[in-house]
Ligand SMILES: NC(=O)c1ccc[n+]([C@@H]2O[C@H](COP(=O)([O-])OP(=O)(O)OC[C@H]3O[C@@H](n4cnc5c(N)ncnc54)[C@H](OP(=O)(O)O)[C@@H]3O)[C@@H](O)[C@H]2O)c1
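There is one chain below, alone, in structure tokens, taken in the form predicted alone.
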């Protein structure tokens, strides 16, 4: 399939071994040139080596306007505008209300909410007519899992932004939709619970999911590709829950 032949995409949080990198590989496989942004240069280099072609790494932090401007300067120099934006970068913290600190909250909201808003804002001048913007939300936005309050609140804000941005950009033919991944085996899990606890954590999650397992990265990448493509052309402001049934049954 070459649904994205000649298309240009930007994916934030594309360096780590997670949904962003998997989505970048899928879009490249289907013909796109993908710009990936992340804070860790070594991981970005690893992503470029793994994907192998038609991918450009731009180090940066989505909270930093100068970094975002550098990213979109690179996109502009590519000369084809921007057809796909996957605002994927984000962080999580695990703390109950009695443990949560102001610094914790500012960190999560600063990256997940402010950083994502800045990403979309700086992308707007470069978006082609018919472009697709995809926001990484989370099933946590609709749940009240203990210890996930700050993360869930940040993702609920992004769900709301998805609706507003879809309305604000629709007259330019730009579609804004969201993906809400359920539990997925990514490198972010290591940061959240520690490497020594990953296996037990994933097993615990799998027992809670009706489908009986956590998601594979390529399953999330497939939904991102769907939302990026004309196959989802009648979707606007939607939130696709890819959750193994946990928020459904």
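None of the values given here were measured: they were computed from a predicted structure. Residue numbers count along the first chain shown, from 1.
There is another form of the same protein, the form predicted in complex with the ligand; it is not shown, and what comes next is about it.
Contact between residue 17 and the ligand in the predicted bound form is found at the 4.5 Å heavy atom cutoff. Taking non-hydrogen atoms only, residue 162 never approaches the ligand to within 4.5 angstroms in the predicted bound form. Looking at residue 40, you'd find a heavy atom of it within 4.5 angstroms of the ligand in the predicted bound form. The ligand is not drawn, but in the predicted bound form it has no heavy atom within 4.5 Å of residue 117. Listed residues 105, 156, 145, 91 were compared with the ligand in the predicted bound form; 91 is the one with a heavy atom within 4.5 Å. 111 is the sole member of 111, 75, 150, 127 with a non-hydrogen atom lying within 4.5 angstroms of the ligand in the predicted bound form. The stretch from 75-83, 170-178, 130-138, 94-102 that comes within 4.5 Å of the ligand in the predicted bound form, counting heavy atoms only, is 130-138.
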